[in-house]
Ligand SMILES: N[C@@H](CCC(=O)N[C@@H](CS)C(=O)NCC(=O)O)C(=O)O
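Next up: just one chain, as structure tokens, the form predicted alone.
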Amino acid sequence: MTAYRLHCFKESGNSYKVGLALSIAGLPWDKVVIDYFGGETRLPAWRTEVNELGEVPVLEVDGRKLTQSGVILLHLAEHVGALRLSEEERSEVLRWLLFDNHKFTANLATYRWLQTFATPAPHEAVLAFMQQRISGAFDIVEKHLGTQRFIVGDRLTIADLSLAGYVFYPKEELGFDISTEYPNMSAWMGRIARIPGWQAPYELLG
């Protein structure tokens, strides 16, 4: 059986996307926890041996090191039966992966980092700008989920796992109360959380 090793840290929502995919698919995997806050990913040796981009997640599989969460999720969808996509689903899933990386996760992850972890604290105008960007992306997903159970049709795909990367972190970190402000997204999150193998980020990657 293929062995998977995920280089990650528990605060990384992009790592959570991949860990959640592995867990829901029922695949055996090991965590390689990195000291992100201590600067491990900035070390020349780490960038030479693990990922020249200086980022996680990194998934080791079959002697390869895969990077970028979208690429990793697509790899898993192509090789793991539980995550496979039909021809009809693939282009739609890709559309949402690109939207997620460009507008949804990109803005939410940056905002969460700035308000929760960054020192010194960012200027209020920067946070206000990011809030507007997130609200716009959330509004798109909220409307979309008003007509269907999952992002692409009636079953979970890697599009859901990608968009779910950060929304399960505590609302105090996110700065948004999804459960009260976005009912369709909240219901979608509940459906994901009931799928066997689901765990919250700090439980799964802690």
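None of these values were measured; they are calculated from a predicted model. Counting begins at 1, following the sequence as shown.
Form predicted together with this ligand: not shown, discussed below.
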Checklist entry - Counting only heavy atoms and a 4.5 Å cutoff, which of 54 to 62, 137 to 145, 151 to 159, 173 to 181 contacts this ligand in the predicted bound form? => result 54 to 62
Checklist entry - Would Tyr36 show up as a contact with this ligand in the predicted bound form if we use heavy atoms at 4.5 Å? => result yes
Item to check | this ligand contact at Phe168 in the predicted bound form, heavy atom, 4.5 Å | outcome: no
Next on the checklist: Test of understanding: in the predicted bound form, would Thr116 fall inside 4.5 Å of this ligand by heavy atoms?
Outcome noted: no
Item to check | Any non-hydrogen atom of Gln131 within 4.5 angstroms of this ligand in the predicted bound form | outcome: no
